[in-house]
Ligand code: HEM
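One chain comes next, on its own, written as structure tokens: the form predicted alone.
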């Protein structure tokens, strides 16, 4: 490869790769909120479970508890498009990994359903008035569900890349796939989720302030501390992950095809850190600073997503898939996809506007 990703691929392959990554970035925003948010609520329940009022009044736990069910719905909805595109791009690898993990893979759906209802239960009056033990059980149970889903997706992804392990995985009948990349890769996703969650919560408080709602004095400091600690641990996790990669894979990530995205990810981290540090001692949340942080976040997530795809393409002979992608491009349906994508975006926007109108009209 000489040209930057994805310009060295045939048009159909480049088209599907671009759509896959664009929709994946949207999914990552909501997914990170749910993963980091459920972890934060679980830790908060363990630490402050005896005081139910703190769950409502806390600048992070309060909005997380209230918004988590919606964000999970958004994460699942936004995950449909990249799931469809990945089946077009890597049909054989994706389905083989699904079949080899079988029961483990099929367990994702019921686990998500359980986690969804636990989030509603966590914000209910029943749990608010129950013993603190139940708040801990529900909070930790919800996080366990989403941690299981994250682990299963990562395991499935790594198994799809390791074709040499398929025969042994099938013959052994194991429900788990052990790979040295699993721990570092999960660490990168988990730690990187916290800056995303902090950024979205900061925007939520900024919007509420615009609507005349009181913002806790510690909201900015809480979001800043969480984001900066998340960035620091994500950098350490990324270094751990890269250190465990084979030399040829590390060379792939710094090749001319992916070097611009590596630079974009690093610049994004710097912009995020600068934005959070610049206002760490301020009482309020300024829109300009949040725009800078969000731009940095977007650069980081796009860069990391492309590098993640470069790792996959280094393990798969993508040239053998070019004809399949070309055939898929001749099949009708793009117009239908775009129409329903626009309809879904409109419905989500309508829900947000309706909620905003209700909050604005509600007495403080």
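Positions refer to the first chain, counted from 1. Note that the structure is a prediction, hence the values are computed from the model and not measured.
One more form of this protein, predicted in complex with ligand HEM, exists but is not displayed; see below.
*Asks:* Ligand HEM in the predicted bound form: within 4.5 Å of a heavy atom of each of 34, 82 and 189?
*Replies:* Result yes, every residue of the spot touches ligand HEM.
*Asks:* Only one of 72, 197, 159, 122 comes within 4.5 Å of ligand HEM in the predicted bound form by heavy atoms, so just point that one out.
*Replies:* Result of the distance check: 72.
*Asks:* Would you kindly say which of 325, 65, 58, 27 lies with a heavy atom within 4.5 Å of ligand HEM in the predicted bound form?
*Replies:* Residue within 4.5 Å of the partner: 27.
*Asks:* Spell out, yes or no, whether the shortest heavy atom distance between residue 16 and ligand HEM in the predicted bound form is within 4.5 Å.
*Replies:* No, residue 16 is distant from the partner.
*Asks:* Taking heavy atoms and a 4.5 Å cut-off, does residue 289 contact ligand HEM in the predicted bound form?
*Replies:* Close contact is absent here: in the predicted bound form, residue 289 is far from ligand HEM, nothing within 4.5 Å, heavy atoms only.
*Asks:* Is residue 170 close enough to ligand HEM in the predicted bound form to count, meaning some heavy atom within 4.5 Å?
*Replies:* No, no contact at 4.5 Å.
*Asks:* With a cut-off of 4.5 Å between heavy atoms, is residue 48 one of the residues that contacts ligand HEM in the predicted bound form?
*Replies:* No, residue 48 is distant from the partner.
*Asks:* Only one of 257 to 265, 244 to 252, 147 to 155, 208 to 216 gets a heavy atom within 4.5 Å of ligand HEM in the predicted bound form; which is it?
*Replies:* One stretch meets the cut-off, namely 147 to 155.
*Asks:* If we check ligand HEM in the predicted bound form, which of the residues in 293 to 323 reach within 4.5 angstroms of it by a non-hydrogen atom?
*Replies:* Residues within 4.5 Å: 308, 312.
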